[in-house]
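Shown below, as C-alpha cells, is a lone chain in the form predicted on its own; questions about how it binds or moves come after it.
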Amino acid sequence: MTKVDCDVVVVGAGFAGIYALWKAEQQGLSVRGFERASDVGGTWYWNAYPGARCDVASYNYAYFFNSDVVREWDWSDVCSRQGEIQQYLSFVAEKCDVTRLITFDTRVLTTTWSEEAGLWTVRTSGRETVVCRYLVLAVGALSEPKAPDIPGVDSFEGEAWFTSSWPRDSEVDLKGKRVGVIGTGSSGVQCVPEVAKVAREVVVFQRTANFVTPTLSGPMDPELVEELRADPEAVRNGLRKTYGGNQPLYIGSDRFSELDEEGREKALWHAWEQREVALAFWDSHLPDANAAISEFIRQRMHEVVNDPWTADQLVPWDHPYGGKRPCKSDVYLQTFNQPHVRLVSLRETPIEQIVSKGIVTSAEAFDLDVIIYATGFDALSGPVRALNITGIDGMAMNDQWADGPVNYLGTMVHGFPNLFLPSSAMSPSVLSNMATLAEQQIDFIFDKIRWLDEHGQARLHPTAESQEFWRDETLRYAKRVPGALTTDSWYNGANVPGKPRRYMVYRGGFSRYNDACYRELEEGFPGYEVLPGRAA
C-alpha cells in the first residue's frame, strides 16, 4: 500500500494558496505547501517593478473570510502598491499561522496520478517526493512569464530586466541611463512613468495600443472602511452576487438607450470625473453604450498627448474598450510629453533584432544601456502546463490541452481526479476581483473535498460532456462582449506565438458562476464522475 504523506498539497502561496492552506487545516486535513519564491505573495512577490500596483480598489481587493484581518489591517491607498499588497499577504499568512506549512524556494517539477492507489505524487526541485489525496494548484493566472519572441535577445551586452521577475535582492539603478521598454500592457503602463523619472532617455516600443484611464488611487474613505469592518461576512457574500466580484464605487444610474445625446455626454463626463467611465451607464455592457464609452476614452487620451503622431499611436483605434485588458494610470500618457521619452510603433517599424548595443527596428538602431521586458505572460494555461501533470492512463495535461485549455467550472479537468485549479482558465479569473475569486473557488474546492470524505468517496473528476458544455458556455458569453472574440489578446492566447487560440475567460458574471458551482454541490455533482472507495 502506498504511504500517504498528507491529505492535501497546495502549490503556490498567493491569495488562493494562503487561503487553501488555512482552509485545509480548518477541515482537519493534513497539508503541505510549496512555493518557488522565497516568501508569500504569488504575483505580488514577483512583479516588484517600479510603479507596480493594483487597479482594483482595496475596499474589494482583500480577504473577507477573517473578520480580525479586515479590522486590523489598514490600507494606505485605494489602489495599493505591490509592496503593500505583499506585506498584507504576509500579515494574513502569519495571522492564520500557515507560513509554517510552506516550503519556500521550491519548484514543483512533476505531478503524477496513480489510478491504482487513487493518489497524487508530487516531485519537487528540493528532491522531495510527497504523496497526497488532493492536489490544489494555486499557481495563479499570471505567473508564467512570456519569453520575448525577438531574434538576438541573448546578444545584448547591457542590463536586461523583466517586469515579471524584477530583482528582489538588489536595486536596479536606472539613473542617467538609456532605457528601452518593450511592451505597453499593464506592466509597461505602470513602469514607464517611474523609469522616466530617473533615466536619461526612455524609448518605449509598442506593438499594440491599449485603453488607459485614470486610477482610483487616493486615500481610503474612513466611512467606507468602517462599513466593511462592521460585517465582513455580509461584504463577502455581497461580493459574490455582483458581476465582477467587486462593488464599484460608482455606476451610472441611467440607461444609455434611454438618454438623448446631451444626456449621454453628461453621463460620460460625470463617470469620468468619478474615475469609473467604463460604468457610465447602467447598460454599459451593450454594444452601443460600449461604442460611446470607447470613443469618449479615445478622445480623452488623445487630448492629453501633445505630439499628434504620438497621440495617434497611443490611442487604441482597433478594438473597443474591454476587448482586451484595459490599463489604468494617472501619469502614463503625460509621460510622453517629456522631451527624453519617445514612442516607437512596432506596427510601423517592427523590431528586426536585438544586438549587443541595443535594439534595431526596420527604420533605425537604438543604442541602450538597459532593456526592460514588459512582455507579459503565458497567461491562464501557461502556469498549469509548466507543472508536467500526468493523469489517468498516463494522459499528460499538456496533451489534453494541446488545442487549448478545457475544464469544468474553471477548476477541474476530466482525467485528472482530485486535482483542482483555482484562478485558471475558463473561470471569471482575470476579469473579476481575483481576491473574491480566490475565496470563492477555494471554498468550492474544499466543499467538494468535504463532500467526498463525508460520503466515503475517493475520486472525483468532471465528465467529458461537462467540459464540452462549459467550453460552449464560455464562448457563448464571450460573444456578447464587444470585441472579445475579434481582438487579439492574451485572453485568447494571441500574445504567445504558436499557442492555440481559445477564449479562456468566463464572462457570464461572478454571480452566475458562483451559482453554477454550488448547484453542482447541492445536486450531488451531476456534472462529475464520482468513483467509490476511500484512498489509503
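When you see a residue number, it is the position in the sequence shown, counting from 1. Bear in mind the structure is a predicted one, so any value in this text is a computation, not a measurement.
Omitted here: the form predicted in complex with a small molecule. The next part is about that form.
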I'd like to check something about G140: if you look in the predicted complex, is any of its heavy atoms closer than or equal to 4.5 Å to a heavy atom of the small molecule? no
Does at least one non-hydrogen atom of E473 fall within 4.5 angstroms of the small molecule in the predicted complex? no
Residue-level contact is defined here as any heavy atom of the residue lying within 4.5 Å of the small molecule in the predicted complex; does I182 satisfy this criterion? yes
Examine T208 and determine whether its closest non-hydrogen atom to the small molecule in the predicted complex is within 4.5 angstroms. yes
Partner contact check in the predicted complex: of 252-260, 110-118, 295-303, 320-328, the stretch with a heavy atom within 4.5 Å of the small molecule is 320-328
Under a 4.5 angstroms heavy atom criterion, identify the one residue in D149, D231, D399, D221 near the small molecule in the predicted complex. D149
Ok, V384, V192, A374, L409: which has a heavy atom sitting within 4.5 Å of the small molecule in the predicted complex? A374
Whether P405, V413 and Y506 jointly form a contact site for the small molecule in the predicted complex is the question; each needs a heavy atom within 4.5 Å. no
